[in-house]
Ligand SMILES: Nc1ncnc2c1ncn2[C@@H]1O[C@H](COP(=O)(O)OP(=O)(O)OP(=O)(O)O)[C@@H](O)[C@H]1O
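Only one chain is included here, represented as structure tokens and corresponding to the form predicted on its own.
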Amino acid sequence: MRIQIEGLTFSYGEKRILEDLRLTVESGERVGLLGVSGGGKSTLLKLISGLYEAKTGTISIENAKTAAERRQLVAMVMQNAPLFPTSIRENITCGHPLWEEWLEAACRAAQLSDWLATLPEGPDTFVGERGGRVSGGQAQRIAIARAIAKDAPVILLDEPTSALDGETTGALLTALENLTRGKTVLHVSHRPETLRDCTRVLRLEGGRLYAE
């Protein structure tokens, strides 16, 4: 699905983060977004996904223009994966019915299967308050499995491999590349090498986008 942004300006109080930003991501395109920490990359993803409301400018995903409509079309993996105080299964399915085969496929793609096999309760293992019983890397993999399971047409990735080691990072990027084929992907990172699967890369600087 096509993402269209026109004249998007956004501020935190007096601090301007995005300035008359314009962006078109065609259906099925994979776009990388580089920029320094605090430069507005994550803010842009939250605006597209409907977590934040845009007061100036427009954001649409096909015919979905409101934040509520866009949320239905987007799956997002954030840098610090938020987990609910429930089981791994519930964190992936978010309480929605999901075939066991699809759950297992999502876990395999996110490289959770080997770890789950070592747990007596498998995917029904409790993650603890704020995910306190799992490592940062495991929490990130659960979040990636959640995004895969949602099967949304638009995937937003905000440093999805930040908590993983180099070898696992490469494997996960390959899995994400295979599983997001044919979907619209916007991948945020501060490391160019993690955007190797993108068809084009842009840089966010001074609130505006530039070709890299």
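Sequential numbering from 1, following the sequence displayed. Because the structure is a prediction, the values reported are computed rather than measured.
Form predicted in complex with the named molecule: not shown, discussed below.
Using a 4.5 angstroms threshold between heavy atoms, residue 17 counts as touching the named molecule in the model of the complex. Of the heavy atoms in residue 37, some are within 4.5 Å of the named molecule in the model of the complex. Mapping the unseen interface onto this chain, residue 42 counts among the residues with a heavy atom inside 4.5 Å of the named molecule in the model of the complex. Residue contact with the named molecule in the model of the complex: residue 203 places no heavy atom within 4.5 Å of it.
Comparing 144 to 152, 29 to 37, 66 to 74, 53 to 61 against the named molecule in the model of the complex, the single stretch with non-hydrogen atoms within 4.5 angstroms of it is 29 to 37. Residues are counted as partner-facing when one of their heavy atoms sits within 4.5 Å of the named molecule in the model of the complex; in 82 to 110 not one qualifies.
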